[in-house]
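Just so you know, structure 1 and structure 2 below are the same protein chain in two forms, each on its own as structure tokens.
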Structure 1
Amino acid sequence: MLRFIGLGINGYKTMSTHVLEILRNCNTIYLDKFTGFVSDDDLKELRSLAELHGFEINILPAERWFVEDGRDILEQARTSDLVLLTYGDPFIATTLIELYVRAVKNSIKVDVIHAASGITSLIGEAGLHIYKFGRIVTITSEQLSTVSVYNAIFENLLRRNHTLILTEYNNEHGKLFFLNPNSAFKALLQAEMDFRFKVFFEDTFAIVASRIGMQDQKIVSGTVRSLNGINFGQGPHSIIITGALHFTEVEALMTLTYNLNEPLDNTANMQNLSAGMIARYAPKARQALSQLKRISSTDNGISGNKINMEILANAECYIDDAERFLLQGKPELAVLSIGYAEGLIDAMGVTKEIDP
């Protein structure tokens, strides 16, 4: 049997007698050191708790490669009772869901004991409404990760949603690493300079939650400029970029967190990419259109001039369509329409040997 057991966010302190009884009778216990952080002190206390109940436990570390590969875990679970201990709730981690699926497909009996998740806990501790969160993302020290996170914040803010950003944690080869929130802020500010979607600035309101469930947990809220002056200490850390805030969320943030600045609505200046494109391109297209009309009106040749004016009339209709589609909430059609308009304008420019 393969048993997934969540230790919750408080570790051994909230362990039930049922879990202790399982640990007493199981053959092998692994601690997942890949998907979440459990301190050495917690492990020491867990062993002490077992001794207090009259038995000893040997907990083996499960490194990233061991958990992701999973074949050894599944093979042992076929013939013996194996426990995989995890931080928080087991199936917050997609790696463990995949292992769960493989076990069931291979007819290996599975038992799951859920526990408090750090994700839901930190949202509640900050006083935010959980149903107002959009896509959750993880930021690492790799640049491609930052681009993905930046885009997720943009998409969530367009929907007026909050964004939860989990920061990189690594415990491979005995080297413990937590990505510092300040490094994450620096990377996102650079992404703003590169992409300019008006997503992330020093005045952006954010929340940093550190070591949720531990005695020294800390939740700080304020602008990125203010947060950059804070030493957040050891992780794990999570960052929340707030969207539109309900008045009860504002009150909670100012009461429940170490608040540095009054909470702001990060969605106030957000603009859909398509809307931004139309706002930039439509006036330029109309200006080029006006120039081509003047040139075409002075052309000799009645038939050629008539064709030219019909093409320009179509281009103008496409510009009108683009603006109308945008108002109707059809951004894809709006962008296609402005593209058709510019295509006709460019084609006319080629025939007239000008760049309108």
Structure 2
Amino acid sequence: MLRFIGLGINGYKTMSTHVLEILRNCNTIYLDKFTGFVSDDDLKELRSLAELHGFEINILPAERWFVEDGRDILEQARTSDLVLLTYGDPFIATTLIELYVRAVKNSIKVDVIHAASGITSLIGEAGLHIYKFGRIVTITSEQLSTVSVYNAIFENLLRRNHTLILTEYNNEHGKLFFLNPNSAFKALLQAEMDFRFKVFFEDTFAIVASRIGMQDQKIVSGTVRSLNGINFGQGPHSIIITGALHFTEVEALMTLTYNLNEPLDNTANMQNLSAGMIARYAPKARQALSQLKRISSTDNGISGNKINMEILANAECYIDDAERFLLQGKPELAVLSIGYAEGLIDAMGVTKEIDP
């Protein structure tokens, strides 16, 4: 039998007697060091807890290759009772879902004990509403990951949503690595220089949640500029880039987190591209229209090409349409309409050899 047992995020405090009985009676216990970080203190406490319950616990470390490969785990689970202890809730890690699928396909019995996940915990402890989060992303020290994180923030901000960014964690060959939130900020500021979608600045409001569930948990909020002055210590760290904030979220951030600056609306900077186009082109188009009308009223069709009043009226309708579509939440139709109106007007302008 293969048992996935989540350790949650509060260490020994949330270890149940049911789980302790499993650990007492099973054949082998692996600690998954790949998909999440379990501290030495937590392990020590777990050992003491077992001793308190009258048994000695023998935990084998499982490194990345061992968990990803998984064949040893499945082979042992076929004939014995094997436990895989994991940080948080097990199936947040796709590697563990895969192992689950392989076990079921190989007719190996599976048991799952869910536990507190860092994701739901830190969102709640920061006082933010889970319904306001867009896609969750992970940032690593690789350039490519920054681009996709930058894009995710952009897309989430467009919809006024918050973005939860998990940061890289590595624990291979005895070397523990946590990506520093400041490195993540630096990479995202660089991405802003490269792409200029108005997503991420030194004035961007952000939250850094470190060591959630541990004794020295810390949640700091403020502008990136302020956060850059903070030493966040050891990981795991997570970052939240807030979108539009509900007033209860603002209050919660100021009350529950170590708050350096008043929470800002990060979507204020962001202009929806479509809305920006209508704002820029609609007044210009109206101006060109009235210029053409003025010319045509003194023109009376004497010159080579007559300004077609029907086309001008049509263009005016399309400018109105563009603004209405935008208000109706139909940005594509709005942009199509303003483009069409511009085309009609410019065709008249070129025809008249003016340049509106």
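The term rigid core refers to the most C-alpha atoms you can superpose between the two forms while keeping them within 1.5 Å. Please read these numbers as outputs of a predicted model, since none were measured by experiment. Counting starts at 1 with the first residue of structure 1 and goes up one by one along its sequence.
Novice: Look at both copies of the chain and name the one that is the form predicted alone.
Specialist: Pick structure 1 here.
Novice: Answer yes if the Cα of D320 shifts by 2 angstroms or more between the two structures on a rigid-core superposition, and no otherwise.
Specialist: Yes, the C-alpha position differs by at least 2 Å between the two structures.
Novice: Any CA movement of 2 Å or more for I9 between the two structures, core superposed?
Specialist: Not so; I9 is displaced by less than 2 Å.
Novice: On a core-based superposition, does R64 travel 2 Å or more at its Cα between the two structures?
Specialist: Comparing forms between the two structures, the R64 CA shifts below 2 Å.
Novice: After fitting the core, how far does the CA of P331 move between the two structures, in Å?
Specialist: That residue's C-alpha is offset by 6.0 Å.
Novice: Rigid core superposed: how many angstrom does the CA of A341 shift between the two structures?
Specialist: For A341, the alpha-carbon shift amounts to 11.5 Å.
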